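A single chain, nothing else alongside it, follows as structure tokens in the form predicted on its own.
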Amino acid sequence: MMLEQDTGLSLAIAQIVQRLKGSSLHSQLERQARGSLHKPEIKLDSLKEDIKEFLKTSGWEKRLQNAVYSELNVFPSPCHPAAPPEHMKEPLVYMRKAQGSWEKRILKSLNSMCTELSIPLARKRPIGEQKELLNKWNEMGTDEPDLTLFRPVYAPKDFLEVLMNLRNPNYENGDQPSFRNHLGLIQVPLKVKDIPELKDYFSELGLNTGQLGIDDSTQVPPELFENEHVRVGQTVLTEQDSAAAQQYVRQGCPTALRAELWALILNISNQPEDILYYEQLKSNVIQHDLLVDSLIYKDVKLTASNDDYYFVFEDYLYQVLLCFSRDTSVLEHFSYNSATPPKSYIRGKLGMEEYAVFYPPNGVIPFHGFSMYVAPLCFLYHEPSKLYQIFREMYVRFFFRLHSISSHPSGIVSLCLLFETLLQTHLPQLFYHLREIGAQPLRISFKWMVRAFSGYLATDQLLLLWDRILGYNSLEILAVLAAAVFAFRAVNLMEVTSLAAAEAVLADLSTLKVMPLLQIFLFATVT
């Protein structure tokens, strides 16, 4: 057993070293080490130790630590050396197959839209159009292109239908009563946490721990806790330690420090080369028009533009999402995402692999509500390249899991199952009542979880929720909150007699306070 652990550790180290070797941090460290050779305190007979000491005192060691910590958070532990690469994407074959057939459906929808509208997937913009777009780059929201013929490639409810039909073929044979007794919509056997495990996992959210987002803290007066919490937060920022920042935000972020703390956790420092990279993406948008651009426009118009909190950020959303669609560095996350980037062929070369290109270039086809992943971040970051990098990192760490089929604990299938299991176990009467009247709870809560509650909660509450997503490096809290909302409205829900009435009871979540709901559901409910 010990030997296996050692092998796993050395594999993980090798993987991280390999990934960091190609990074700009690696070349910066080399440059700093070379430059330090001229310093008088660097002696030839203790060269290695002296350079290590120099990198430590000059802050470069901390940057390296943060980069390693970031890699550990993002990339899954390496599989057994003999495991095929698709195992890293998704270990269960039936999940991989389901994701594959779902992708075919999305592509078919995109291609049929192309054919119906006679619009190419991509075209080079004429010079005049390029100049016009460049001039109005910061006010794209004023543009009103006719998008009536465009439709979202899919909406969350289409995706839910696919998840409801997921089955593990190994469970289908034989008449034994088994997992099929699960009364919810999700019928696949995945291991999800129960309340005692969740209490343990989210222990920092306990009733006796100070929290931001709770007005009447028990032992300590709220203002005392807040002042101390701000002071600790400033120390964490001074230290520039990603791991400490991640631990810190589990109790919530002070508003004034949130932007910097999130950037520290995500290891985003907005270096000159990052700004240059963003400018290159922007020039790519200016030069080429993609069909997905119209899908992005349409989505922003249908969602964020109609939202009381987010309509002011319309221009930012276009900038970030158009650049995102061109960013080929996003393709890297497909090594641990069960999805596979769609391919298109250069005109007239259909089926010839050497003429295949990823489409869109980042491999991600936006769906209805996609822009709501970016909207809340606009409250924190006003510099476009920084906003862009934060969103991209949030996407490749978390958001992609909300629209791909996988067995990962933070994947949408596990979240749906966790939500249904929590309700079924702790509010069985409510669950059964809603099921009987044809109002399966997941039909209502699915859209909240797919969007990570963006657009449903008040922004201050949403940011407190996302603090905890970053703090625990997990999306499981979304399912817990969804169950807590049902528990909170249980009395009203027991009175309803139809799906429409149940939806009406849960239509407005903007007055809800996230932390009290989570605490009551996890720690104050008798189990």
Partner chain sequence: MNVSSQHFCEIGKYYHHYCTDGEPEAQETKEPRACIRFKCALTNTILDILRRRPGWVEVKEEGEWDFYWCDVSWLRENFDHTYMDEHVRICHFRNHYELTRKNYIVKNLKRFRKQIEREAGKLEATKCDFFPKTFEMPSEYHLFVEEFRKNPGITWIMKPVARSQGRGIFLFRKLKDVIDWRKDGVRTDDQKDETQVENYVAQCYIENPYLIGGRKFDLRVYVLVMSYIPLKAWLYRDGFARFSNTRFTLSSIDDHYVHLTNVAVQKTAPDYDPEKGCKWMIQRFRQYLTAKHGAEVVETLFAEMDNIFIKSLQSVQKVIISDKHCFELYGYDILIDQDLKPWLLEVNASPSLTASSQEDYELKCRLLKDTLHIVDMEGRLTGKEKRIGGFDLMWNDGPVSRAEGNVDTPVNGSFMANTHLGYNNDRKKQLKQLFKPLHTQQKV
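Residue numbers count along the first chain shown, from 1. Not measured: the values here are computed from a predicted model.
From this point on, the text means the form predicted in complex with the partner chain, which you will not see here.
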I'd like to know whether D200 contacts the partner chain in the model of the complex, with contact meaning heavy atoms within 4.5 angstroms. no
Determine whether any heavy atom of C114 comes within 4.5 Å of a heavy atom of the partner chain in the model of the complex, and answer yes or no. no
Examine Y171 and determine whether its closest non-hydrogen atom to the partner chain in the model of the complex is within 4.5 angstroms. no
Determine whether any heavy atom of H87 comes within 4.5 Å of a heavy atom of the partner chain in the model of the complex, and answer yes or no. no
In the model of the complex, which of 261 to 269, 416 to 424, 126 to 134, 293 to 301 comes within 4.5 Å of the partner chain (heavy atoms)? 293 to 301
Please identify the residue among E139, E228, E239, E332 with any heavy atom within 4.5 Å of the partner chain in the model of the complex. E139
Out of Y432, F311, Y336, Y345, which one falls within 4.5 Å of the partner chain in the model of the complex, going by heavy atoms? F311
Pick out the residues of 365 to 390 whose heavy atoms come within 4.5 Å of the partner chain in the model of the complex. H368, C378, F379, L380, H382
